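In the structure tokens that follow, a single protein chain appears in two forms: structure 1, then structure 2.
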Structure 1
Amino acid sequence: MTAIAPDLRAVLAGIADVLIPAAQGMPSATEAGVPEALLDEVVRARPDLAAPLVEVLTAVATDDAATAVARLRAGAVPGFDTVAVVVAGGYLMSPRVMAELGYPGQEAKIVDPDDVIRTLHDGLLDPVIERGPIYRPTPGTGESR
């Protein structure tokens, strides 16, 4: 696993706070811990992001945070998607952020296949039924809706 050096974590902290500043009672990315323990969690979950992240942070290390984000967004330095995934992913892994959002995280929901009637009465499928069928035609059939 690629380690993220403290100096690059500092670069990420600045970028992260430009992407996710504190607002409306929500913590900034650094207040949530994105460039610290949450970065380690993201890299553990997505080790494929570590090396590209180091590359991107090294490329913008001499920029101030706002300039770095502007360059990344403009594509002058490739890797905006990598940084955005790491920052947003880490932010949403923060227990504080999850609590503020009322997001419990991913939960396993057991579906009883014999309980389809109740599911229909609960309205779970109402938006789908109201929308009607939409799909891409199977090649060669020429049908679509």
Structure 2
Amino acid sequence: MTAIAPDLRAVLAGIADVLIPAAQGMPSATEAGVPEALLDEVVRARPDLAAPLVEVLTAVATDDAATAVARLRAGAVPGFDTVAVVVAGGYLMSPRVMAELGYPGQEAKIVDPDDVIRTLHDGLLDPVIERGPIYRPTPGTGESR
């Protein structure tokens, strides 16, 4: 697995906070841990992202963060897709972020097989049924709508 060196993590931190700053009660990307523990989790889930990430961070390492983001988004330096998926993907893995959003993260809730049946009792389908068939039958079968 490609290790991401501390100096490149610092580059990522700057970029990540431009992309996801602290606002609206939500933590910034670095406050959520994107360049540190979350980056490790991203790379564990997606080892294929490590090498392209190193490449793009190296390419913008001497820019200040705002310039780096501007160049990446404009396509002057390729690889914005990689940075975007790492930053947003890492951020949305944060338990703190999920809690702030009130997002339980695909908690299992087994389907209720009677849900639609109860809905029918409310009459929700009645108008659809009352309008009758809307398909065109096979010509020659004698059925008509």
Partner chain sequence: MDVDRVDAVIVGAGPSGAVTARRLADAGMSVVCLEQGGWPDYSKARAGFPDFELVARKHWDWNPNTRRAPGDYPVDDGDSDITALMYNGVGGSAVMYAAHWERFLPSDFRVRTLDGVADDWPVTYEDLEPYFDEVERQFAVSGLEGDPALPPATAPPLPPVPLNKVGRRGAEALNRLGWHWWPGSNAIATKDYGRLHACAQSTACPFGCPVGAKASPDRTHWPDLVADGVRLVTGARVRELVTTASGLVDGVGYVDHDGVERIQRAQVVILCANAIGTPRILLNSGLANSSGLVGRRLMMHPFGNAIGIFDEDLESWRGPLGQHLHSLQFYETDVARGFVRGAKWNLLPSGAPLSMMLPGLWGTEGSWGEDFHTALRARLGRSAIWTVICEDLPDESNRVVLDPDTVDAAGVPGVRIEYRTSENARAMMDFHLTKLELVLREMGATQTILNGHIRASGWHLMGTAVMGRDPATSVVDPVGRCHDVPNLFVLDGSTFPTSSGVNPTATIAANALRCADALVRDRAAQVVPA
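Worth saying up front: this structure is predicted, and the values here are computed from it rather than measured. Numbering runs along the sequence of structure 1, starting at 1. Basically, rigid core = biggest C-alpha set you can superpose within 1.5 Å across the two forms.
Remark: the form predicted on its own is the source of structure 1; structure 2 originates elsewhere. The Cα position of Asp64 differs by less than 2 Å between structures 1 and 2 after fitting on the rigid core. Core-superposed comparison between structures 1 and 2: the Cα of Ala10 travels less than 2 Å. The two forms, fitted on the rigid core, differ between structures 1 and 2 by 2 Å or more at the CA of Arg118.
Aligning the rigid core leaves the CA of Ile129 displaced by 12.8 Å between structures 1 and 2. Here the two forms are laid over each other by their core, and the C-alpha of Gln106 is off by 3.0 Å between structures 1 and 2.
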